[in-house]
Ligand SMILES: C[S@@+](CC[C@H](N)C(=O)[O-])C[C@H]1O[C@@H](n2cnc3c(N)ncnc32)[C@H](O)[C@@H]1O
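First, one chain by itself: the form predicted on its own, in structure tokens.
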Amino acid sequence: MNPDTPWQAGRLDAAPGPQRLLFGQMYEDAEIERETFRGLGRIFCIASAGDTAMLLSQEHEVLACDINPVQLAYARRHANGAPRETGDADRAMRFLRSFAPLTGWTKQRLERFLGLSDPAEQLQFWRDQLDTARFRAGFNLILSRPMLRVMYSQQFLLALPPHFGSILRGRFEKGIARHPNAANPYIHAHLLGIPIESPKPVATDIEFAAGDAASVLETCAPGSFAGFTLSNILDGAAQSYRHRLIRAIRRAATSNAVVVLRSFAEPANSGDTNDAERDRSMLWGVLDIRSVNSL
């Protein structure tokens, strides 16, 4: 069955060709999942680069699935001790960082900023020395629709809000005002490209499954999972796939199961299930944490 999701192509762009490694590391704060799922049973997650599965395997049995066989094979290698590799999303982040010197973002200035631990001081530094008119203009240009179409398919771009550069800067500023830089590995990865340290997995407690999330869940016994973390797999997916995935989750969930879902989109409302500002990666518009019964 066609899963009706752009992730099936195994590519971020719209070009024909083989499936590729997209993520060498994950830009999702899996500590949120660790806290959310603590004390629960078996967990279902999207494999991606393997980081979330690896962290959760320290306390849970984990089933990690991915629709992209190249990505799934990498996650399995990574969980078994192989070093990080570079995916297409990581190359896109590196491309963005290459423009930093043109905006006055020298390595020395960024290192001073990243060494700060007081969010109020960080915010002042950001506003005074980094969030300049030149940076804003360049960032908005790079993240404009015409530029993003070079690297991303139209289906992925549909999930992004208008004026994404301005929106993302706003998310970044909120994160800076909340999370101490010195202890935040995600901001070090974003600004200087320092790899995020891999969790120490219990690889024997991770089962890897090939396929899209709905298809894999449809093969699992009812009541198999107490937690689901789905990354942003619904970004760009058709409404029919969303409905199918929800049905599959409800069938495979225990009565007290919890679901975590991220999105680059802006939240449709200000509901109390959105906790995006808590994610130290500072990229997400939606971090929806809710009971499976409220899906």
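Sequential numbering from 1, following the sequence displayed. Predicted, not measured: the structure shown is a model, and the values here were computed from it.
Keep in mind that the form predicted in complex with the named molecule is missing from the display, and what follows is about it.
K.L.:
Using a 4.5 Å heavy atom cut-off, state whether Phe37 contacts the named molecule in the predicted bound form.
P.N.:
Looking in the predicted bound form, residue contacts with the named molecule do not include Phe37, since no heavy atom lies within 4.5 Å.
K.L.:
Even though the named molecule is not shown here, does Ala79 get within 4.5 Å of it in the predicted bound form, heavy atoms only?
P.N.:
Taking the distances in the predicted bound form, the answer for Ala79 is no, it never comes within 4.5 Å of the named molecule.
K.L.:
Would you classify Gln71 as touching the named molecule in the predicted bound form, given a 4.5 Å non-hydrogen atom cut-off?
P.N.:
Judged by the heavy-atom cut-off of 4.5 Å, Gln71 is in contact with the named molecule in the predicted bound form.
K.L.:
Using heavy atoms and a 4.5 Å limit, would one call Gly211 a contact residue for the named molecule in the predicted bound form?
P.N.:
Gly211: yes, in contact with the named molecule in the predicted bound form.
K.L.:
Only one of Ile67, Met54, Leu261, Ala226 gets a heavy atom within 4.5 Å of the named molecule in the predicted bound form. Which one?
P.N.:
After the contact test, the surviving option is Ile67.
K.L.:
Of Ile233, Ala253, Leu63, Ile32, which residue is found within 4.5 angstroms of the named molecule in the predicted bound form when only non-hydrogen atoms are counted?
P.N.:
The residue from Ile233, Ala253, Leu63, Ile32 that makes the contact is Ile233.
K.L.:
What residues, if any, in 9-28 have a non-hydrogen atom within 4.5 angstroms of the named molecule in the predicted bound form?
P.N.:
Those in contact are Phe23, Gln25, Met26, Tyr27, Glu28.
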